[in-house]
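Just the one chain here, the form predicted alone, laid out as structure tokens.
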Amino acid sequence: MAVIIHTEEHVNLKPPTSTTGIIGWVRANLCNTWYNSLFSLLIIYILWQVMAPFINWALINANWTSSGAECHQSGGACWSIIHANIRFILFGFYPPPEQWRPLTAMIILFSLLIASRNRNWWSKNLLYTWLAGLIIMGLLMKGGLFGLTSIESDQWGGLPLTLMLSVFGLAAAYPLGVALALGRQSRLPVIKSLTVIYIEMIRGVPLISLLFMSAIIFPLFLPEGITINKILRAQVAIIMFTAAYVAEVVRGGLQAMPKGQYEAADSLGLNYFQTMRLIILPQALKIVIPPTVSVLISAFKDTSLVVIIALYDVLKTTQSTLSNPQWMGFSTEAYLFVGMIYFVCCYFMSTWSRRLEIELHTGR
């Protein structure tokens, strides 16, 4: 019979350095075969050829506080366009002495969004905090009370307008989309027909057509002397468009529910509303978290289309900056800055959705 003797040297023996850490990861993922090694070297060479000139342009030879004339003479990136026009890009035509108000409103909004990431804080108190925060943000933006100067919505623009259209639009579109999905699953012919017509009609046209209708055609049907704010009309168009897509995603989740779930609810004596609220919707909405967030991210990016109806969101204010002769020719730097803003917001939404999936054990 073989006898195995464990000594102190064997117990403390560590794996080879070539199989752990960065070296081990490279060998296991990039150089595990000869063709993977060749392909990895090719990719590194291409990245070096692309990234080295970009870093040289964007960082080493960049101009951070120079004038437009100095930037034209330099071969590097002109980040001075952001430095010199940051207030107009972020706040548009909002009066400069009052720009602390939209800045404060954005800080409140970001704080509420960060707080909402923690599911342990989901309660009625958080809902009341959101309501109070929205009232404070509206008061700060509009003014007219507590000594704040009244600012017409025509002067709202930049990043606050983009966030308002996206956050409020997505928040209103989601419950409307759920209601439309339930309506499409209804056994009542009238409700089902109306929801089907609405969903298919809205999904059959691009968002840009709804924005044009809200900005140009809809005011023609209003009585003389009655006007509705252009921002509100654009907001309604975004809500209607996004809700139709959310409805189809939620309908997929409802169809994924086994028939036994409905039968179990019937056996407990639950009515339709109790069945949906307590049993079906909690499961269906968890299933469709990934596609729902994809729809919401697309809707967030689509808010940039309001530039076509002359709303000065952050993209429109950036375009207006480029019309200044001093800063012409630096569109790359300006659009990279705007793209970074959109990327950060979309990344926030995607990471939150993945975290929510893990916490709710989606798919298990």
Partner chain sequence: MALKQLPASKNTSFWQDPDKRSIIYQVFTLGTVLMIGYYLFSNVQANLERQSIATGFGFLDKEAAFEIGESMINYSAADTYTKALFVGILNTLKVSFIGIILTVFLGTVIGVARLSSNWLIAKAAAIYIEVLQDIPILLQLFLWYAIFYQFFPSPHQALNPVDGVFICNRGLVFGIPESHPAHTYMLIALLIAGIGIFFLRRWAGKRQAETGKIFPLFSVSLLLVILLPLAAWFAGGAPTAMNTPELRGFNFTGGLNVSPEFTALLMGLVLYTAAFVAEIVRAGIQSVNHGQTEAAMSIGLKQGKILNLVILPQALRVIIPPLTSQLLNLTKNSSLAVAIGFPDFVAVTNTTINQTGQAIEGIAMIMAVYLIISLSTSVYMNWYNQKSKLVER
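Residue numbers count along the first chain shown, from 1. Each form is matched to the other, and the largest set of C-alpha atoms that superpose within 1.5 Å is called the rigid core. All values reported here derive from a predicted model rather than from experimental measurement.
There is also a form predicted in complex with its partner chain; it is not shown, and the following applies to it.
- Scanning 216, 132, 232, 278 against its partner chain in the predicted bound form with a 4.5 Å heavy atom cut-off leaves one residue, 216.
- Here the marked residues 60, 156 and 184 all miss its partner chain in the predicted bound form; none has a heavy atom within 4.5 angstroms.
- Though the partner is left out of this view, residue 355 does not reach within 4.5 Å of its partner chain in the predicted bound form, counting heavy atoms only.
- Residue contact with its partner chain in the predicted bound form: residue 100 places no heavy atom within 4.5 Å of it.
- Although the partner is absent from this view, residue 32 contacts its partner chain in the predicted bound form, with a non-hydrogen atom inside 4.5 angstroms.
- Its partner chain in the predicted bound form comes within 4.5 Å of a heavy atom belonging to residue 194.
- The stretch that touches its partner chain in the predicted bound form, counting heavy atoms within 4.5 Å, is 219-227, out of 124-132, 284-292, 219-227, 165-173.
- In sequence order, 187, 188, 189, 190, 191, 194, 200, 201, 203, 204, 205, 206 are the residues of 180-206 having a heavy atom within 4.5 Å of its partner chain in the predicted bound form; the partner itself is omitted from this view.
- In this overlay on the rigid core, residue 338 has a C-alpha that sits less than 2 Å away from its partner position between this form and the one not shown.
- After superposition on the rigid core, the Cα of residue 261 moves by 2 Å or more between this form and the one not shown.
- Superposition on the rigid core between this form and the one not shown places the CA atom of residue 90 less than 2 Å from its counterpart.
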